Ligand SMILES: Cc1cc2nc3c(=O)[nH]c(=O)nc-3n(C[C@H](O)[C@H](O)[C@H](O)COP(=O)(O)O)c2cc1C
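Next up: just one chain, as structure tokens, the form predicted on its own.
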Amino acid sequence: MSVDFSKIFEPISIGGVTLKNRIMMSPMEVGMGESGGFVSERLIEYMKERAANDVAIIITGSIGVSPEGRGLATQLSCYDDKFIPGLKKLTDAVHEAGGKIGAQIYHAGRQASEQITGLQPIAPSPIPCPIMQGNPREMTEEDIRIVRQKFVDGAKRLEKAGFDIIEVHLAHGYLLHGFLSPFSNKRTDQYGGNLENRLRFPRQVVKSIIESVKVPVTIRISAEEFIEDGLHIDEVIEICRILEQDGIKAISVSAGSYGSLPWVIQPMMIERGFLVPYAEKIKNAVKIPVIVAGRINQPEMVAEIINSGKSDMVALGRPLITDPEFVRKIKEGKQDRIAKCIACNQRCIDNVFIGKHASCLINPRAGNEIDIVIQKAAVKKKVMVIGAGPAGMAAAKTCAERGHDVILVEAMRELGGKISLASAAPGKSEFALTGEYYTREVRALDNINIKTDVKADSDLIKKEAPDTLIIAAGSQPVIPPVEGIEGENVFTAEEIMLDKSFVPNKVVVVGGGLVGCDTALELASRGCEVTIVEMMPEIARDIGLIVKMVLLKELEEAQVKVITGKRLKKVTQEGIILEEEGKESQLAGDAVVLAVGYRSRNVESLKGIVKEEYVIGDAREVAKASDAIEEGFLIGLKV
């Protein structure tokens, strides 16, 4: 059945600001500002490209109103006039590209980073953030007065800088949300207790901003905190009603706080569009536009939300990192060519957490727009790519887009390499979108000749005589050299993930990295009793913070046992023998599953035949899919 996308492109007004369509770019921390809170050229180019591709309005990441209220060194600020010129340059660039831009104004509260600011955080109550673990002090009434004025002063600067809308951040556990939530607000004065008191300070801030600027003022709010004693939808609806009466012009719906971090930046294990029912409840209670976000990565889902009237607009965050042309492709009827965000978090928020700027597993150019412009090659070449996994397909696609003739050789019948394995794990089916996108793209390019079910060797290379050879032959499981490892009760994680009929009673998974944890969850879902054995002090060491939080909880709920700090010494028919500091112990199991990593395939027989030669991806060094795709992309630019 065909989907009607036309309503997405109907204009909508937010407080007198007319938007050309119903898609907003969500506020996100992308780590692209200059240290100290200034706008960078990288951030301008990143936002300008999205605006030029028909995003109606871009909302910045959080802009701090006070030095002690910042969470990242690269986070934008508005607490001083010195920030106005850079902010003005940003708004001018977005306007010239055809878009509107809003500023999200905030104070991090107890979720501020004292390590970055050098200042003690302030909060409604002196309770440390579960993640940041700082030492916040309780705000006095004088603090409340001062911070309220800082919000007003910051809003005036943002208006002067040319922002079309000011969005007040009432979500994610930051200062104003911290006052709203009984999880973080334990005050007993006029700013704590019942909802009227908890709303008092945030309401004062919002009303004061509305009275001080001429541009529309909106809010972003967590519709559900997903914490037992946190802020829930019934109170949020009442807050929205009250603030609508006070003059806000739109409500952007989000979720969570740092105490429930996976609901703030949802990994792929969380259901697509999970916030739509909450947005619908809020929309039924107010008359101003409602905007919904939260794991919306399909154009058909965007259309369904808008067409059904469950929300007036859809806010896309990570999907617009993955594909800046998301909106334009829908407009041009090319929605099947959209690169869809898989919510892996590997190159976006995981990067930001370690001090890098955001990019994307699928789209490594994201965040690098200032550095990388894809141009036609000066000299057209014949390029052979061996291996159609993530690295090989990325290289083939980029080479072809630059005008080279490409031969893509794959030993298997299907393209995608280990993506199919990654997507077979519980809750990880979104990984398949990566393979689907790259497969679709390489098949759509006329100058790529795809040969599947063909084993590449030196004879084939000599026959094809390419100018350039890219070897992306991948990796294979490591088999540790221990006694009994060749027994009939020993399997690799790959074998288990592909054979759904494998259901032993008691299983030992050797290796507690991402593959081992995913395999353990898969076996537990089949009803097996599972134990993970990891020689390091902890499991899941190779996994980003948010995915790790969800994964560890899932392992606990699945009753997967974990043993750390012990090394596999021997496999027996009854299970395995472990060693720790010279002492041995036995662990029973009907089957032993190996998930101790991968090693590069031997590609020496393919090398030295072609003058221009590259070995990339796992064939060069075993790493994550994001690393492989980035390397393939960069090699494609180099050829």
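Residue positions are given as counts along the sequence shown, with the first one as 1. Note that this is a predicted model, so its numbers are computed, not measured.
The form predicted in complex with the ligand exists for this protein as well; it is not shown, and the discussion that follows is about that form.
Using a 4.5 angstroms limit between non-hydrogen atoms, residue 295 touches the ligand in the predicted bound form. Within 4.5 Å of some heavy atom of the ligand in the predicted bound form lies at least one heavy atom of residue 315.
Within this chain, residue 66 is remote from the site of the ligand in the predicted bound form, having no heavy atom within 4.5 Å.
Contact between residue 104 and the ligand in the predicted bound form is found at the 4.5 Å heavy atom cutoff. Every member of the trio 29, 169 and 348 reaches the ligand in the predicted bound form with some non-hydrogen atom inside 4.5 Å. Picking from 462-470, 393-401, 137-145, 257-265 the stretch near the ligand in the predicted bound form, with a 4.5 Å limit on heavy atoms, gives 257-265. Checked against the ligand in the predicted bound form, the residues 511, 319, 417, 109 give one hit for a heavy atom within 4.5 Å, which is 319. A heavy atom within 4.5 Å of the ligand in the predicted bound form is found for exactly one of 524, 456, 352, 87: 352.
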